[in-house]
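Shown next as structure tokens: one chain only, the form predicted alone.
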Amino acid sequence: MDRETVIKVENVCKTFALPHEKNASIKSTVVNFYKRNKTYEKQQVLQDISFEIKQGEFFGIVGRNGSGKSTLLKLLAGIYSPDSGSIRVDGKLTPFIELGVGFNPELTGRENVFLNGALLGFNRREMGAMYDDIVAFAELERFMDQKLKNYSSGMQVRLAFSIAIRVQSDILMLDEVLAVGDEAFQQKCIDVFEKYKAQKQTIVLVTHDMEIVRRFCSGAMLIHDGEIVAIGEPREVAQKYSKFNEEKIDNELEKENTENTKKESNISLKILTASDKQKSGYVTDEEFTVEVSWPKSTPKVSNVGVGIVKQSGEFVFGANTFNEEVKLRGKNKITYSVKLSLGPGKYYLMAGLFGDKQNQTIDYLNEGPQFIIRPKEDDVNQGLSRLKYKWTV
């Protein structure tokens, strides 16, 4: 490796063998142990992984659950060995793959601080000098003499993270640090990241938080199904990862809309697109068109109404044809188009068929297809709607 490269991974592959025999009891364990023809299923976790991390780089690794991120960190830490390929690390590497590993629930918080410190290589005198700062950072002064088993998961992570950041190392590896903890603790983590970045500390971070990737990382990598899909500029990698998630959410929502078609109404609502393909994900201010149809046998339909409702139950907007020059007698279909000037969130449609007057309800669909609105990339506004405005000084 050149002098600036501190981690170099070349063509790394990792496979796990998953046994088909299940040991549900001591008897089955003994029987399966002496079986001659044991069967296994091979799971390819990582395939041909190659990348480099430079000294002082804040490198993010992202990907959906099960993509191989944590396995990769354990390979870098030397916990696992690759089936093929090579991993070279130049410098002292300290992994925090699971914060709190080594904690004893039967010991007090105070005792666990010294125990965990010993596991990280500190002697008792060094831990004693750092103890007050550790406790103050974790904000657990009143709880240090309680047994750890009485701590919440958030309290345990706060204590573990507070100990972990005392380690002086060339390379730090952090796995899902912000996954647990309240908003105040997460802000403390961010402050630590700010300090690491200013000090040019080499960091390898696995996270699902794309805002952290955009804000702190100087390089990033997206892993999907054990392979590198994208590597390079953090914003581009974060956008690609978000796209993966959006596609999964849209597919699940479309499936849900198909499976949960309400039978209480004869009204049919279909969200239209240019390609005539069903779509469930939209961006703020995108054009939205709905086709409302009903059986031809439905009597005396003179007017139609369509409403948009947030998943939390707030009625967002509704429109009807009562004040419009629309003649529906003898028809059984109409389209409704609207610009979705709404904030991000999950919504659903409702619709009604009416006679000549609004109190003449013929049919009503209380909960129709669902859809999601996502913010524009540069959208910094807040709230349920996106109203047109201007500033004047």
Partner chain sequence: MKRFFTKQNRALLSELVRTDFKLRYQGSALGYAWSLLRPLLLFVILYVVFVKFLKLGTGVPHFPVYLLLGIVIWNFFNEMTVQSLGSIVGRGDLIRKIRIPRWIIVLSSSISALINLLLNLVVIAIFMVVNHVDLMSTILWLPLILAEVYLLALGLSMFLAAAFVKFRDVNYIWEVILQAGFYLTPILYPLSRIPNLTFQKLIMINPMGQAIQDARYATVTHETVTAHTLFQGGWYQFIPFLIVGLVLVIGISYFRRESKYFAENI
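Keep in mind that what you see is a predicted model, and the values were worked out from it rather than measured. Between two forms, the rigid core is the largest collection of C-alphas that superpose within 1.5 Å. Numbering follows the first chain given and starts at 1.
The form predicted together with the partner chain is left out here; the points below concern that form.
- With a 4.5 Å cutoff on heavy atoms, residue 122 counts as touching the partner chain in the predicted bound form.
- Although the partner is absent here, residue 219 is not a contact residue: none of its heavy atoms lies within 4.5 angstroms of the partner chain in the predicted bound form.
- When the partner chain is considered in the predicted bound form, residue 247 lies well away from it, no heavy atom lying within 4.5 Å.
- Taking the partner from the other structure, the partner chain in the predicted bound form has no heavy atom within 4.5 Å of any heavy atom of residue 184.
- Taken together, the three residues 265, 340 and 351 lack any non-hydrogen atom within 4.5 angstroms of the partner chain in the predicted bound form.
- Stretch-level contact analysis of 294-302, 236-244, 137-145, 86-94 against the partner chain in the predicted bound form, using heavy atoms and a 4.5 Å limit, identifies 86-94.
- The contact with the partner chain in the predicted bound form, taken as any heavy atom within 4.5 Å, belongs to 104 out of 150, 153, 323, 104.
- With the partner removed from view, the residue among 81, 289, 199, 312 that has a non-hydrogen atom within 4.5 Å of the partner chain in the predicted bound form turns out to be 81.
- When the rigid core is held fixed, the Cα atom of residue 150 travels 2 angstroms or more between this form and the one not shown.
- Once both forms are fitted on their core, a CA shift of 2 Å or more is seen for residue 127 between this form and the one not shown.
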